[in-house]
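As a starting point, one isolated chain is supplied in structure tokens, in the form predicted on its own.
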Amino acid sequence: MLQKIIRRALATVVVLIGVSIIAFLLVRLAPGDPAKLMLPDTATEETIQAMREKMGTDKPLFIQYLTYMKNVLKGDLGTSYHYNRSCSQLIFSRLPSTAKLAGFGMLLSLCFSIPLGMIAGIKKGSFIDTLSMFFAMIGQSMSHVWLGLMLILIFAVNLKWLPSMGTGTFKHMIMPAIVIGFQFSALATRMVRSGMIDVLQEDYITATRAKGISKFKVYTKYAFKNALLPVVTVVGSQVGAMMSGSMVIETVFSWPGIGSLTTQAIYNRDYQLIQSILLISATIFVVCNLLVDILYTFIDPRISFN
């Protein structure tokens, strides 16, 4: 087991190197001179060239990348050109806000989708099953922007129950958490339902019922555990995506997290900050997926990963 975890961790390192290369090239292939964007329109060519030297963009791309990765290995993500602050400070000051929002959104979605999916799977063909499938279809096709604006219009503008933007209190977190978890909730509902339907047709479930075990125990202890496996995979990827920051949701609700910081960095063409955010986001994503792979073996010992 330990050897397999080490191999997967090494594969994760390779993925992160690939991500760093892609992030480095993408932000530099965009049109425009970042040195000119950092300076006023009246800047002279000498001033622009001095800014290029300060930013390191006057050197070949290969040298720029090696310099960046050498600093990353030392724990230095560089300095934001726009904010004139350490990228590490900027990112990790925003990370707790994104983590809090992602955690609450995931909790809300699981608390809703798991019971609904279980009941829909047990009561296949019933009204609640139809309702759950309708919810899954709507949830996976609905735009985050549209849902966020509708919630703001209803609960902030008309009813005045919740604040429309910002952070500070629990009420500020309710609407963005609902939006960030809504699509996942629809997906998890469908997956739990499908898993329960498949598991309930297995022979061992019929055997447990024949032994006189209560339906509640059959559904919760025996069926749900095996129906949970596909959901665990999706949870891992979704947690990684949420923790990486949702630019649209955080921008709509002015939530001070990684997503809104990414939007600002792209708008300001802050190369150093953009590639650092992408690297940290990718690290969070692949680590979450690695932890899910490990968790799989505890949920079902028959499963091993290569």
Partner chain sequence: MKKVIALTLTILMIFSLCACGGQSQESSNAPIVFTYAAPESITSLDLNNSTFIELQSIAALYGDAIIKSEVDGSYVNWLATDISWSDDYLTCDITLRDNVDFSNGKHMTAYDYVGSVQRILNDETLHGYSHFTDVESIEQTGDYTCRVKFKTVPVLFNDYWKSICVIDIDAYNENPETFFDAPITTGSFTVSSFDPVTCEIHLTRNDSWWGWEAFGGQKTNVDEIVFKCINEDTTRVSALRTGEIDFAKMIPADNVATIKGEGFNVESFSRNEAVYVGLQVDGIFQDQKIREAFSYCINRPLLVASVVGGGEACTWPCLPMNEGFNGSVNAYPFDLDHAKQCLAESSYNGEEVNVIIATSKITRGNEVIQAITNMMEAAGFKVNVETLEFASFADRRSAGTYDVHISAFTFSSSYAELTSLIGTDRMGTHFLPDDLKDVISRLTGVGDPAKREALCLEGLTLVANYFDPVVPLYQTFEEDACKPNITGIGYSSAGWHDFRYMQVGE
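All of these numbers come straight from a predicted model, not from anything done at the bench. Rigid core: the largest C-alpha set superposing within 1.5 Å between the two forms. Numbering follows the first chain given and starts at 1.
Below, we refer to the form predicted in complex with its partner chain, which is not included among the displayed structures.
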| item | value |
| --- | --- |
| Contact residue in the predicted bound form, from 26, 241, 66, 37 (heavy atom within 4.5 Å of its partner chain) | 37 |
| Heavy atom within 4.5 Å of its partner chain in the predicted bound form - the one residue of 237, 57, 264, 49 that qualifies | 264 |
| Interface segment, criterion being heavy atoms within 4.5 Å of its partner chain in the predicted bound form, picked from 132 to 140, 74 to 82, 107 to 115, 179 to 187 | 74 to 82 |
| Candidate spot 21, 61 and 70, all three touching its partner chain in the predicted bound form (heavy atom, 4.5 Å) | no |
| Contact flag, residue 274 vs its partner chain in the predicted bound form, heavy atom cut 4.5 Å | no |
| In the predicted bound form, residue 195 touching its partner chain (heavy atom, 4.5 Å) | no |
| Touches its partner chain in the predicted bound form: residue 174 (any heavy atom, 4.5 Å) | no |
| Exercise: residue 279 in contact with its partner chain in the predicted bound form, heavy atom 4.5 Å | no |
| Residues of 155 to 176 having any heavy atom within 4.5 Å of its partner chain in the predicted bound form, listed in sequence order | 156, 157, 160, 163, 164, 165, 167 |
| C-alpha of residue 47 off by 2 Å or more between the shown form and the other one on rigid core | yes |
